[in-house]
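Taking the form predicted alone, here's one chain by itself in structure tokens.
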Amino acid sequence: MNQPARALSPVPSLANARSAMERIATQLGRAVQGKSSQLQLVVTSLVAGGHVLLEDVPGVGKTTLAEAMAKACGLSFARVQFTADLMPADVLGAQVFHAQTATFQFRPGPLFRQLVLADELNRAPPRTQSALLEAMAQGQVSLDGATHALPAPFTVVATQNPVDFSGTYPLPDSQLDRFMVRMSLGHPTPEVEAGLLVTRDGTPPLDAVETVSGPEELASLRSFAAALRLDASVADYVVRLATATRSHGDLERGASTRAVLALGAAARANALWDARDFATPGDVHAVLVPCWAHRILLRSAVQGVSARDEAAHLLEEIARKVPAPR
């Protein structure tokens, strides 16, 4: 069970917002070492109100990261192992008949937590994936004519293995759009890995993570970030980037309007790392690839290059060609 939140800062203010984000990132770093840039991106997405898709090989800390996020932020947590026989009711919940009262009552599923780890999401059948992804988009679940609101703040961290797709159900491109960022942790450096061997004494890494925030503070951070200024020139720049993806000869489909909005939200949250009340083109660049690389569709694959790497390369190329406002 998570510890109660302690010593919460009186967000909002720029200094307090940055301090809160740094506190959360520091705690995540106690569980997942040597990944400061990735952890900063996770916190940015969390504050921007986005869901996270982690694509990585097993054993690099995906599950640990999700659990650390919940513990550091004082959020209720559930892990769902997605399998081929997982049904929507196993995630969402179901109406259960009570014989004593001769009535049906809703039994909430594991989705009714503030942070949900959808482990190996692509191993569940499309119907179950769709149930989860619709709930992510709407913040509520509708069953048998009744609507059930999900807890707030609500975040999904989903994982999938980029190598082993045998027997899986790849997420439709339209549903990948539900995730604000897609990212990977990757293996730690040899120095960090050697350090783990020396210092690890069998204590679970999550034991080192302290609860340094809470649901109310996270909700406040999200509202604060959403209200940061994004000048018309920067907004125009984001739209020109999107337009460039839509007309690029190597892309079947460019960035959607939802992608534009997600990039703007992530750029605003990224500005808080510098305690700025406005987002710059630099903030846009910082989150462009993780925000859009999974939302654009390549016309054809380049031999020897993964679709993920190729999408990232194209976005970086577009960012170099589209003039940024000064």
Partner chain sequence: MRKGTRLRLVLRDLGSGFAFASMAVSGQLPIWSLVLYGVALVVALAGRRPFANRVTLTALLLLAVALTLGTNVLAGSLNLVVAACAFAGLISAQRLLSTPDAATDGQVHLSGLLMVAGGAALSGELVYGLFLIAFGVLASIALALGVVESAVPEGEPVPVRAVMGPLATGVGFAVLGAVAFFILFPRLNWNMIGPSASPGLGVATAGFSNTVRLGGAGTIKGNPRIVLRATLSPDPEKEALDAYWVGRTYDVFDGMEWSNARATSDGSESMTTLRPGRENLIHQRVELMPAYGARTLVALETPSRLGNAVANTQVGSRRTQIHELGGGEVRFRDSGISYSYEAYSLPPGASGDDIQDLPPEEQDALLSLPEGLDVRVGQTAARVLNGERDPLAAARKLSAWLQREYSYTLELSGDVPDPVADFLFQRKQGHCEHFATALTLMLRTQGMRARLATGFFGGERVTGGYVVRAGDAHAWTHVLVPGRGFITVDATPPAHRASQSPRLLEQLINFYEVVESQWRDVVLDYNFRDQLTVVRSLTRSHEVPKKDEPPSRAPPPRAFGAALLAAAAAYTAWRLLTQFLSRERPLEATRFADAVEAQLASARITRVDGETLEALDARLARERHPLSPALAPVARRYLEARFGGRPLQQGEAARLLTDLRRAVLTESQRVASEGTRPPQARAS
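Please read these numbers as outputs of a predicted model, since none were measured by experiment. Residue numbers count along the first chain shown, from 1.
Not on display, but discussed next: the form predicted together with its partner chain.
Looking at 27-35, 254-262, 55-63, 281-289, which lies within 4.5 angstroms of its partner chain in the predicted bound form, counting heavy atoms?
It is the stretch 281-289.
Mind checking whether each of V234, A275 and P325 has a heavy atom within 4.5 Å of its partner chain in the predicted bound form?
Each of the three qualifies.
Of the options R229, H98, R107, R127, which one has a non-hydrogen atom that comes within 4.5 Å of its partner chain in the predicted bound form?
When its partner chain is considered in the predicted bound form, the option within 4.5 Å is R229.
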